[in-house]
Structure formats: C-alpha cells, structure tokens
Ligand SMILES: NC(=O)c1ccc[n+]([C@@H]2O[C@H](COP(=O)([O-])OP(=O)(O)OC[C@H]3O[C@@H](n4cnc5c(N)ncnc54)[C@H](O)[C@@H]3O)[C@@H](O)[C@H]2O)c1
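As a starting point, one isolated chain is supplied in structure tokens, in the form predicted alone.
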Amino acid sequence: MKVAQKVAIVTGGGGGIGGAIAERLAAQGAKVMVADLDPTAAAAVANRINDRHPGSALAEGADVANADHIRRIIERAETEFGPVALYFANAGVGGAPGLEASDADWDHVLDVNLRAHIRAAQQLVPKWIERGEGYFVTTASAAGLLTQIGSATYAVTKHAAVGFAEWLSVTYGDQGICVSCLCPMGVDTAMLYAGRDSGDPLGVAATQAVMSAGEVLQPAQVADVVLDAVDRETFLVLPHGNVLSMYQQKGSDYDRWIRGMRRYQGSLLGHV
C-alpha cells in the first residue's frame, strides 16, 4: 500500500518504534494520529512532525487496550483527517518475569500486547471490508517466533500477537485487508533495558539475551524496514535478518532448540 494521502493511527506513538513510524509516515505524505498512554509524549512527537510537515499529525492520550479509547482515537482521526486506512498496533509492555506473575499481571500484559489488537481489528476491519482496503500492522517481537528468556508474560503474549496477525491475514486477506507482523530483536528503546534495570536475575538475563543475540537497532532503522514492508505488502517483517535462520532452526529440530535455549539461559544466569 502506498501511504501517501492515507490516514494512519500509530499506538505507542510517543517514542521508540512507534514515534519513528509516525515520523516516517508523515514524511511519505500520510496523515497520522499519534496515540500513547502518555499524552505529553504523544504531543511531542506530533509537534515534531507538524514542524516538518504542517497539519500532518494529531496527538491523543489513550489507553489503547480500552475499546472505548480505541473508538475515540478512530473517531477523532476520521473527523479531522478522513477514513483511517492503516492501524499500527505498536503499543506494548514487557510484563512480569516468571511464574510469580499474578493474574493481574497476566491480564495487563494480555490486554496491551494482544487484546488491544483484537479490539482495534473488531472496530476497523468491518469498515475496511466495505471500502475494499485497509492495513493492520502488528508490532510483535522475535520473542513471538522464538521465545523470551526471563519473561513468561512477554513470550506468551507476543506468540499470541503473531498468531492473531496470521489469522487476520488468512481470514481477510482476500477481501482487501493487508496485514504485516513486525518481529524485531533488540531495539534501542526503554523497553529493552527494563529487565536489566529491574534488578531481578531473570529480568537482567532477558536484556542480556536480546542484546547478545544480534545488533541493537535504532527505532528509525526499524521504521524504515516497516514502511518498506507496507509498501510491498509483506506479512513477516524482520529487521534482524538472523531471526529467520533462528526460526528455521527451531522448526527443523524443536527438541534440539529447547536444549540449546536451556544452555543459553544457564550461561546468562551464571553471569547475573
């Protein structure tokens, strides 16, 4: 899909990957609603965009796990810009490290990393089918294809996000609905360092695992890859090329991969 003259919503748009995607969209001629739980951060990104591309961005503070908040940002974007053609379900949280995660922890991470995508699709896809066009971009993670050492909630919900994106594409792809699923490894954002800064051994190991597995990219680099994938309507978006080979190795011999991950985790915990 060509994004020029299209209207897009980017959740988690107040910085990191989301902020970079919002800026790239505007640079390519799109109108962008920047949504973030932090309204000040969202406004800062929108202001930066409007300084370069006047009238191209709106900002809204919203909890995009909440269906009413999703409805509000869609309605505002459509009132001020026109029909929403692209939705970047980018907001995410890291979650709790292990089995000690409470039901409330699980509900929170499931709401943000998975149900937020479902709730947005429920509101947008019927409209897109009527128009014959729409694009849903999921930010998952390499953890959704592989796993995440140290965080059960993150690993499980990112697998689920990949699964929902696959289902969405299979079910509606012949009705004009495009879907892309972004699965990066390390990106230089606050989330990357949250485990290290938690003081929890599993959290520290989680950050070390990601940072030692490949290059840590800048958000702008990831945004460039995402916009290229949207242009080509590619489903699986892998800014880190080695993720594909790791995923293939996992699928070719699952038991060997599990044993290798146990050894890797042991080596990481031995340095914490």
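Residue numbers run from 1 along the displayed sequence. Here the structure is a predicted model, which means the values were calculated and not measured.
The protein also exists as the form predicted together with the named molecule; that form is not presented, and the subsequent description refers to it.
Note to self: Can you work out whether residue 149 and the named molecule are in contact in the model of the complex, taking contact to mean some heavy atom pair no more than 4.5 Å apart?
What the structure shows: Because no heavy atom of residue 149 falls inside 4.5 Å of the named molecule in the model of the complex, the answer is no.
Note to self: My question is simply whether residue 134 lines the interface with the named molecule in the model of the complex - judged by any non-hydrogen atom within 4.5 Å.
What the structure shows: Taking the distances in the model of the complex, the answer for residue 134 is no, it never comes within 4.5 Å of the named molecule.
Checklist line | Non-hydrogen atom contact residue 63 with the named molecule in the model of the complex at 4.5 angstroms | finding: Because a heavy atom of residue 63 falls inside 4.5 Å of the named molecule in the model of the complex, the answer is yes.
Check: Do residue 154 and the named molecule share at least one heavy atom pair within 4.5 Å in the model of the complex?
Finding: Taking the distances in the model of the complex, the answer for residue 154 is yes, it comes within 4.5 Å of the named molecule.
Notebook entry, point to check: Looking at 80-88, 137-145, 163-171, 122-130, which one sits within 4.5 Å of the named molecule in the model of the complex if you count heavy atoms only?
Noted result: Looking at the partner contacts, the answer comes out as 137-145.
Note to self: Only one of 179, 187, 74, 114 gets a heavy atom within 4.5 Å of the named molecule in the model of the complex. Which one?
What the structure shows: Exactly one listed residue reaches within 4.5 Å, namely 187.
Note to self: Considering non-hydrogen atoms and a 4.5 Å limit, which listed residue (37, 243, 204, 43) is close to the named molecule in the model of the complex?
What the structure shows: After the contact test, the surviving option is 37.
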